[in-house]
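Quick setup: the structure tokens below cover two forms of a single protein chain, split into structure 1 and structure 2.
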Structure 1
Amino acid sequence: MKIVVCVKQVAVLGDEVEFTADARDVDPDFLDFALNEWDSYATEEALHIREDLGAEGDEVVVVSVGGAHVEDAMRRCLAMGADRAIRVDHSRPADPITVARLVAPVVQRESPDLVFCGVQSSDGVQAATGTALAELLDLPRVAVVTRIEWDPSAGRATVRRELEGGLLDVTEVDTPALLTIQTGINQPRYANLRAIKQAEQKQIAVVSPAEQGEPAYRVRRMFAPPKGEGAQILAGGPADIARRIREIVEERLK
């Protein structure tokens, strides 16, 4: 059994934002980086299935598209227990369809039984890469999965797909399949220090990007969003703020 998990190192914006000179992105000096929250759930789910159903030689392989710095996020997954990691060397920001085109040949070569993506990346909020990738790999797919019961010998899984309002759609999917994993499906494990140290020693395979075709969009301009009517800022220290909050509440509940 083999499960491939696509993981992204996401950018986290601090309290201040400045844009690059061409105004097409945020100045990287104002970014911190982390493993995408959804991908830690996807990695955990893959490890969990391997531990539950797996045999000797089964593998969880993580794949990521990015420059060398995204290896930090990949090593988090290795420290959690993933067996191998493959990085597609591509350091420019890309739309979700381009990312899917970059990942597809790597996943294809692995011919996994299951492919997991996160539902979305916290910085891009595209919620699109997984479904696009499934198409390029010609795999059945289910998006926004909160539970998986997989019977590898039957070539089928029964999954819960989470709709708006928390309604669950119980879906039967043929495997191999691609599932996009929603938060809350499990409790991702913490890697202990020893595992983190060991992950630092592990080799991450690097492959060159394949042909990408035309991007699905180009960013023309990035800017701070307009502030609606604008929140009225409650000034002063915590005591002043608390007093004002109580006044507003009393007035509005009248």
Structure 2
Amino acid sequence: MKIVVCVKQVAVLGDEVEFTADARDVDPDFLDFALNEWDSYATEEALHIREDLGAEGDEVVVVSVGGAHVEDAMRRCLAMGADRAIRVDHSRPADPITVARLVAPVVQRESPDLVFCGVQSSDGVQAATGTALAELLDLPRVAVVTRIEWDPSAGRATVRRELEGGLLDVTEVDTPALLTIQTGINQPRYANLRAIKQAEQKQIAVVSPAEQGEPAYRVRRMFAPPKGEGAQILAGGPADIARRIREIVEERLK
């Protein structure tokens, strides 16, 4: 049994923020970095499953995209109990679709029984990478999962997922499959000092990025919005409101 967990080191804004000279990103000096909260729950759930099954050779493998600095978050996963870590070496900012393209070949080579992603990242908050990755890998997927019951020999998992308005849905999915994991599915463990030191000694495999294709979007400019007179209420039908929002955005970007 093998579970691949896709993790991300997210940027955390401090009290003060300044932008880079080209105004397309936040100056790194004004950022802190940490393992994405949703990904810590995804890692913990993979470890739970491995421990419950308890078969020799079972593996939890974490995969991330980025430069060497993202290894801090990956080592936290190793300290929690992950067996291996693979980093796709990519130093430039990447949108969720690009990240999925970079991760897909690595996951495909690992040929896992399950792939876990956090529902979303706390910095991007787009909830797109997991779904895009499942599409690229041609895997069935279930989003916003809050409980997993899986028998590998049956080739099928029963999962519970959150819907809008506090509703819950229970569904079956054939495995291999990709699941995006919601916070609250478990309680992520804290690694002790010994585990942290052992994780520091583990080697993280680094692979070259595959073809990433055209980005899904490009950042034109970042700025702190000026304080205005308050909210603007838009009237009309959905098409009229969407058209007006576009006009407002285009006016502000000039």
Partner chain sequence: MIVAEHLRGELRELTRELVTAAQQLSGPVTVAVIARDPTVFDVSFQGVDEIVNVPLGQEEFENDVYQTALEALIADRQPHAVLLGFTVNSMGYGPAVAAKLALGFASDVHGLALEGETVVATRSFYGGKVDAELEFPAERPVLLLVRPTAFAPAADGGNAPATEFAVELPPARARHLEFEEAAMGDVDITTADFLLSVGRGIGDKEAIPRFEQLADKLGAVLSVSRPLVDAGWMPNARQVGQSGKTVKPKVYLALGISGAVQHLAGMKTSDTIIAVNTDPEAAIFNVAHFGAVADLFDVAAELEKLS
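Note that the rigid core is defined as the largest set of C-alphas that superpose within 1.5 Å between two forms. Keep in mind the model is a prediction, meaning the values are calculated, not measured. For residue numbers, the reference is structure 1: its sequence is counted from 1.
- Only structure 1 of the pair represents the form predicted in complex with the partner chain.
- For Gly236, the displacement of the CA atom between structure 1 and structure 2, after superposition on the rigid core, amounts to 42.7 Å.
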